[in-house]
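The chain below stands alone, shown as structure tokens; this is the form predicted alone.
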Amino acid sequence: MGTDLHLIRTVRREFTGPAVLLDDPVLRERADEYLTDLVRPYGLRVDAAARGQSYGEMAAELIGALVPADEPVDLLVLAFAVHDALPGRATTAYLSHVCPGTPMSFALCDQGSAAAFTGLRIAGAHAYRRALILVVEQSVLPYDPGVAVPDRHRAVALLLGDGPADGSARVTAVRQHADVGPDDVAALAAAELHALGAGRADVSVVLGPGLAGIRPPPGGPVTVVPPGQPSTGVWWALPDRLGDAVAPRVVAADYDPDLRYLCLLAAEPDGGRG
């Protein structure tokens, strides 16, 4: 689908150490009790010494750095895959409280690397003057989930508007394909990348870890995001490519092999012509 979204500003942060909230022994005990009840049926144990990060803390820092008080936000979307250190907290309600505009807010999870793309698609399908997409992931779980967790605590915030601004980029397309099997993803991704402009000298390509083996059409520079940050990887790399003087137009894509989602985004500096 096409969009009427303009990427106004972005900010990204890497966080070290555990959540400050976990310094509170009462909150830490409640979180451990909550998680113990959830994992007990699976024969897992909670390690009370393992202390992760809070998406409320991480995202609040990004909001403070990105959203001025005189630019109220209408919609806030928190996109994540791994739960945070305080899973019982109403995080999006808290973030709405600290965000200028007290926006309508909700979370997107259980979509793997597709969650942020879904947030952009929802924002583009409705008449929001300002939308804030927060993509977050933390790397410490107090039990063995049986799958890899992110390497680092990272968060990326995307502030979007319904019109151009100084230095903004227009999101020209957001495309999502569900139930794409591993045998079909290469051909479909190549076709979609080509349709969105990959192969032109003025178009940069950003490929997420799920598409590391895909060869886009030869043209502008290609960034392949290394594994380890499945939720934030593409969005961490995107601002660098949008600032490229030679190839300022960008096509970004990622594939979630477990959930079988293929997602793509195209953007260009405001004022650019297709």
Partner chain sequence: MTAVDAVSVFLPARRVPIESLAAPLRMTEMQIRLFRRFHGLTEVRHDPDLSLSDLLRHAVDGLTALRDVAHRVRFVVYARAFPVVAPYPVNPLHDVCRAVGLGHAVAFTLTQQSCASALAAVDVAGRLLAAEPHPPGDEPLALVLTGEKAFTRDARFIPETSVFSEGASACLVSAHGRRDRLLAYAVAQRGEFDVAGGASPARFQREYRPALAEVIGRALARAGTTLADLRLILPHNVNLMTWKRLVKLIGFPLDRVLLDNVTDAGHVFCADAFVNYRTARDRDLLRPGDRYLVAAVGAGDGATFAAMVFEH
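Positions refer to the first chain, counted from 1. Values in this document were obtained by computation on a predicted structure and should not be read as measured data.
Not on display, but discussed next: the form predicted in complex with its partner chain.
*Asks:* Which of 200, 83, 152, 129 has a heavy atom within 4.5 Å of its partner chain in the model of the complex?
*Replies:* Contact check passes for 83.
*Asks:* Identify which of 195, 104, 186, 173 has a heavy atom within 4.5 Å of its partner chain in the model of the complex; exactly one of them does.
*Replies:* It is 104 that has a heavy atom within 4.5 Å of the partner.
*Asks:* Even though the partner isn't displayed, in the model of the complex is residue 70 close enough to its partner chain, meaning a heavy atom within 4.5 Å?
*Replies:* So residue 70 does not count as contacting its partner chain.
*Asks:* Just checking whether residue 44 would be counted as a contact of its partner chain in the model of the complex - the rule being heavy atoms within 4.5 angstroms.
*Replies:* Looking in the model of the complex, residue contacts with its partner chain include residue 44, since a heavy atom lies within 4.5 Å.
*Asks:* Is residue 215 close enough to its partner chain in the model of the complex to count, meaning some heavy atom within 4.5 Å?
*Replies:* No, no contact at 4.5 Å.
*Asks:* Within a 4.5 Å heavy atom cut-off, is residue 259 in contact with its partner chain in the model of the complex?
*Replies:* Output for residue 259 is yes: heavy atoms within 4.5 Å of its partner chain.
*Asks:* Can you pick the stretch from 142-150, 200-208, 186-194, 157-165 whose heavy atoms fall within 4.5 Å of its partner chain in the model of the complex?
*Replies:* Result for this chain: 142-150.
*Asks:* Is every one of 11, 50 and 241 within 4.5 Å of its partner chain in the model of the complex, counting heavy atoms?
*Replies:* The answer is no; none of 11, 50 and 241 reaches its partner chain.
*Asks:* Heavy atom within 4.5 Å of its partner chain in the model of the complex: which residues of 69-100 meet that condition, in order?
*Replies:* 78, 80, 81, 82, 83, 87, 88, 89, 90, 91, 92, 93, 94, 96, 97 sit within 4.5 Å of the partner.
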